[in-house]
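Presented below, as structure tokens, is a lone chain in the form predicted alone.
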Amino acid sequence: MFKLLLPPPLLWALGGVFLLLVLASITIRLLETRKPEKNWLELKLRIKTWWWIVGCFSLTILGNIPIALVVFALISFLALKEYLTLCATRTADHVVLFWAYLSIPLQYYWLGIHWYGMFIIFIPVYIFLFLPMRMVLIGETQGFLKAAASLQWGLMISVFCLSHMAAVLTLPQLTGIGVPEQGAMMLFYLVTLTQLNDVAQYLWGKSFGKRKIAPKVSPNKTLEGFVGGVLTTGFLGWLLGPLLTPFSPLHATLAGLLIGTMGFIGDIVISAVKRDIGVKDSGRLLPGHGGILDRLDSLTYTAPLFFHYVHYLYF
């Protein structure tokens, strides 16, 4: 099995992330000591969960490609399971759910054998056509349209969209262009900018936000937060692009702006799903954060669009 040999820029960047986590852990310990009367539990849980998140992410770029694909497949499985737990699935469709879950290893298998064409169309064409057919054979028509649409949308965001993170990692192997470690660098670039965009939009919104951009979906989202976050992410894209990607300065800036804009859309789309279902968090798997979809909501949009952006321009 091929093992990724990471270039120095990526090792330094990853080391910087772990250093930030160490500093955060020390800070929370000092705060507990100096101000024991305050409740620091949620912040402690967030930092502890970030250790797990960064550790799992490091496994995908430090290990070999098969291990990375297994990790991403597990993430998609947990995300789909979380989504289906929230949705009211019909009892008659339990057999159909088996086929939905079976699509996860197959989707990542296409990446493992570098079959780009099947990876792109497997879920949005073959699975989308197969699952309603299997539901029809059960013979239950009550609630058919809602059940089929809910299941297909769940597969779209939790399997198809999220699998594009693995596709970014394996892009050199999929296309036969570039060096293997380039995929790991671009994946780090994508995930880092997506997460920093969430932080930037939150900080800009808290500091200057006045005009609500989608009050019925996400009351805390403001136009000022959105614009400030997108511009900040565009700047960070330009700054990090030459270090981690093959992008020109212009393409790196455009990639940052794309990630900033699509990250916002992914966030509010998942928020709309949760509001429709009537829940605040998608789950409790990640203490201090909520569920898998709460943490990866922005990536459901940034990952596929970033993949196709890079594929079109450089591969």
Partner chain sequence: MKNLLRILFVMLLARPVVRLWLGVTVRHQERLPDSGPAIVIANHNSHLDILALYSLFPLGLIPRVRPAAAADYFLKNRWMAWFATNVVGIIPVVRGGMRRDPLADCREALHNGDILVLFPEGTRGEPEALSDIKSGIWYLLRDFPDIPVVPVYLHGLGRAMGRGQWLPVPFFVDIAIGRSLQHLDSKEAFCALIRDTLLQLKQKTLPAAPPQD
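Numbering follows the first chain given and starts at 1. The structure displayed is predicted, hence computed values, not measured ones.
Below: the form predicted in complex with its partner chain, not depicted.
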Which residue among 78, 174, 236, 123 has a heavy atom within 4.5 angstroms of its partner chain in the predicted bound form?
78
Counting any non-hydrogen atom inside 4.5 Å, which residue from 219, 143, 242, 178 sits next to its partner chain in the predicted bound form?
219
Flag residue 114 as yes or no: does it have a non-hydrogen atom within 4.5 angstroms of any non-hydrogen atom of its partner chain in the predicted bound form?
no
Within 4.5 Å, heavy atoms only: does residue 29 come near its partner chain in the predicted bound form?
no
Taking its partner chain as it sits in the predicted bound form, is residue 198 in contact with it (heavy atom to heavy atom, 4.5 Å or less)?
no
Is residue 279 close to its partner chain in the predicted bound form, meaning a heavy atom pair under 4.5 Å apart or at it?
yes
Taking 4.5 angstroms as the heavy atom distance cut-off, pick the stretch from 48 to 56, 254 to 262, 30 to 38, 270 to 278 that is near its partner chain in the predicted bound form.
270 to 278
Taking only heavy atoms into account, state which residues of 98 to 134 are within 4.5 Å of its partner chain in the predicted bound form, ordered by sequence.
98, 101
